[in-house]
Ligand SMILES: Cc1cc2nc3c(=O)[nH]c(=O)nc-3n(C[C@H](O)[C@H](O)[C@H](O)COP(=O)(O)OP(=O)(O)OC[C@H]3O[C@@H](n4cnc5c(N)ncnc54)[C@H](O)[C@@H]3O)c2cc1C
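There is one chain below, alone, in structure tokens, taken in the form predicted on its own.
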């Protein structure tokens, strides 16, 4: 029988980051994933994430950041509402920093983490491994693996995404609601340079984000809209879609042209009511998923695993068990509070901009204009977006000057 101190299910960015954070501790660690191992290939930029400064600090400490050749910094951000005078702008210069954030290829991040992890002798990465059954007790976890022997672990970490097999197998309750939106994702070529500016326009049907990539004429779009409009847009010939996209963006980057396939996925909020069950704990998308309109999903997940690793490190330093219930509950309280704050903010944004009442549009427009002219308010908003505020894990905190 295989025995481990920590078994992490899910070799996405969150699971691999956690393994790397724990790898220098005196622990025997397993990472399990039903898919193949990630490969270091040319970034496709099909699925990207916006990483903030807190995530950069974390990944830099792990020696991974410098391997992210696709990381495209953005120095400005412009947000406006279609058919309204409401507009707000942010710049790195105002915040006294070099960048507001970075657009990173998800698969390159995953491959870079795995590549770094292969140098750690106390971590076993078990790809193409399927779990058949999980026995979760107050002492430990017993995993039955398809075609392999059983696995025993003191702490089981579910980092296996929004449709977490671990969470479902253990019947851990989850609350969710359907945003009634589909997100259309693609790479788009622009006739005007993006100038390292992230743009988002709130349309009557939902937000459209234009995220700058390393090529000055290439952006990644995330167009959130109704399922009906999403289906209509996907059915359009490329030339017709290009016209619709250019019009929706108010041609701020000139003529837009599809550079890749157009894909879509449904948007749902998920939030596990309990993140801990005996010696099993949920992290990242297994615990919560949020609307992508602020681009904070990946950052939230990375801070989850950084917080859990920090608490496990403290346990070992104090010669206490890595699966102590009090420690796991501390993690749950810590990260639940952060997730709840962000989920509530995203829902308020979505609801606030989703209503087309003329009076509400006027109030939104006035509010955005006022905020844009109030440096203190803008600074507070950007501190949160940059990852420079909130109860951050130690490794992600900004350097005190």
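Numbering follows the first chain given and starts at 1. Since we're looking at a predicted model, the values are computed, not measured.
Absent from the display: the form predicted in complex with the ligand. The rest refers to it.
The stretch from 114-122, 260-268, 147-155, 244-252 that comes within 4.5 Å of the ligand in the predicted bound form, counting heavy atoms only, is 260-268.
Using a 4.5 Å cut-off to the ligand in the predicted bound form, each of 11, 161 and 292 places a heavy atom inside that distance. Only one of the listed residues (136, 187, 315, 106) places a non-hydrogen atom within 4.5 angstroms of the ligand in the predicted bound form, and that residue is 106. Of the residues 331, 80, 165, 179, just one reaches the ligand in the predicted bound form with a heavy atom at 4.5 Å or closer; this is 165. Not displayed here, the ligand is kept clear of residue 30 by more than 4.5 Å at the level of heavy atoms in the predicted bound form. Using a 4.5 angstroms threshold between heavy atoms, residue 272 stays clear of the ligand in the predicted bound form. Residue 129 belongs to the set of residues with a heavy atom inside 4.5 Å of the ligand in the predicted bound form. Not displayed here, the ligand is kept clear of residue 97 by more than 4.5 Å at the level of heavy atoms in the predicted bound form.
With contact defined as any non-hydrogen atom lying within 4.5 angstroms of the ligand in the predicted bound form, the contacting residues in 29-51 are 32, 33, 34, 35, 47, 48, 49, 50, 51, given in sequence order.
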